[in-house]
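Form predicted alone, single chain, as structure tokens, below.
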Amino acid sequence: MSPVLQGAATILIGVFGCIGYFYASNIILDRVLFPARGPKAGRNINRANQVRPWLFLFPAIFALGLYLVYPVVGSFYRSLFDRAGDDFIGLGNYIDLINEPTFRTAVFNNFLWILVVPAGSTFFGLAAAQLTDRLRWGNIAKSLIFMPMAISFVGASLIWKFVYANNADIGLINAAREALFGAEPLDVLQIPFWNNFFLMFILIWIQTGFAMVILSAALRGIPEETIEAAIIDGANPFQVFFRIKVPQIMGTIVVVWTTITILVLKVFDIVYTMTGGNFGTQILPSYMMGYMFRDNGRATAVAFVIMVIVLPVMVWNIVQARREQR
């Protein structure tokens, strides 16, 4: 079957399958299990109304269980076995990870990314949102700042690979160093510790546009009365921004921050493209990729560690969202 026909058949089966499921489940519920007739009609109607929402939720619950819960449980179970998957070794893979220096470096770098990238993206996005709203050509500026979001991580990495190139004719950094100081070309991606920040800046460059769009909408939603009252009371522009505007959009800032944090914990494209995890730039996703095709037990153990790190961030994000809704 051609891909077009296969896609059309999948859509038709999915749509009509859902319609058939809901129609048949309602008939079984109302006519077979809890018929609305006889002396128990009222009680049956109440019971049917209690069960009906679960009928509508069942497909989503089943899909989440199949594609989310089962892989998590299965990955943890697989991480308890050896490389071949034959011998049960318990927490052996996790103990080996803790004792491996490369893994500790990856964990340290991941926490470094978590601290720097969300903070940098949110700060520059907030600054861009505030400044571009004051410009007549602000929409053009926003489009230019948002443009990196349309580039894949691999494409952005290749662009910045030219900027960081160890050549004064191509690399922008080395060209500036040679023009200003007459320094010899330097490969900035091989500088221990600091090369991580050069990689982080790529993701900050990409995510600043996302933060700017969300925070710009939040800033425009601030009531003008509060700003006018602050100005009448003698507040200067910095006080208006930091004491009036920022507190009112703090919920949006938290959402942007946590969204970028979760993205950081999953990204490996930039590190894999730029350095391949060499020169002390290893992070957990790229470290996991190194084991994926040669040691499934170790790779699934790293994947589970990533999930454990992401989980508190997601829970905290959900708690904050619920507080905002109250």
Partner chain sequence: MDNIAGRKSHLTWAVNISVILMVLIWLIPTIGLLVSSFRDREQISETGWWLAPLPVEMTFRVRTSPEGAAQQNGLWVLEGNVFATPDMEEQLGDDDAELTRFGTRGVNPTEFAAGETAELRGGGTLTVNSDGSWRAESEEEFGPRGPTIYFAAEVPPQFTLTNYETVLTADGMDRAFINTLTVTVPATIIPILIAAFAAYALAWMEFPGRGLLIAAVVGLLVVPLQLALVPLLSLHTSVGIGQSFLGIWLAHTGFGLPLAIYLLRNYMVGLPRDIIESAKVDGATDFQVFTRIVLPLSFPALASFAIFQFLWTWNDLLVAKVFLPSDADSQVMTVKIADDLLGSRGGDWGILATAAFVSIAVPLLVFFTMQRYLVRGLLAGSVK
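Each form is matched to the other, and the largest set of C-alpha atoms that superpose within 1.5 Å is called the rigid core. Note that the structure is predicted; figures quoted are calculated from it, not measured. Residue numbers count along the first chain shown, from 1.
Not pictured, yet referred to below: the form predicted together with the partner chain.
227, 246, 107, 80: which sits within 4.5 Å of the partner chain in the predicted bound form by any heavy atom?
Spelling it out, the residue with a heavy atom inside the cut-off is 227.
Which of 117, 199, 97, 128 has a heavy atom within 4.5 Å of the partner chain in the predicted bound form?
It is 128.
In the predicted bound form, does residue 103 have a heavy atom within 4.5 Å of the partner chain?
No, residue 103 is distant from the partner.
Against the partner chain in the predicted bound form, would residue 151 count as a contact residue? Criterion: heavy atoms within 4.5 Å.
Judged by the heavy-atom cut-off of 4.5 Å, residue 151 is in contact with the partner chain in the predicted bound form.
Residue 266 versus the partner chain, in the predicted bound form: is there a non-hydrogen atom within 4.5 Å?
The answer is yes: residue 266 has a heavy atom within 4.5 Å of the partner chain.
Should residue 177 be classed as touching the partner chain in the predicted bound form when contacts are defined as heavy atoms within 4.5 Å?
Judged by the heavy-atom cut-off of 4.5 Å, residue 177 is well away from the partner chain in the predicted bound form.
Do all of 92, 195 and 257 end up near the partner chain in the predicted bound form, with near meaning a heavy atom within 4.5 Å?
Checking in the predicted bound form: none of 92, 195 and 257 is within 4.5 Å of the partner chain.
Out of 167-193, which residues reach within 4.5 Å of the partner chain in the predicted bound form, heavy atoms considered?
Residues within 4.5 Å: 168, 169, 170, 171, 172, 175.
Superposing on the rigid core, I want to see if residue 31 changes position between this form and the one not shown - specifically a Cα shift of 2 Å or more.
Yes, because once the rigid core is superposed, the C-alpha of residue 31 moves 2 Å or more between this form and the one not shown.
Could you check, with the core superposed, whether the Cα atom of residue 47 shifts 2 Å or more between this form and the one not shown?
After core superposition, the C-alpha of residue 47 moves 2 Å or more between this form and the one not shown.
Would you tell me if residue 60 moves between this form and the one not shown by 2 Å or more at its C-alpha, with the rigid core held superposed?
Yes; residue 60 is a residue whose C-alpha shifts (by 2 Å or more) between this form and the one not shown when the cores are overlaid.
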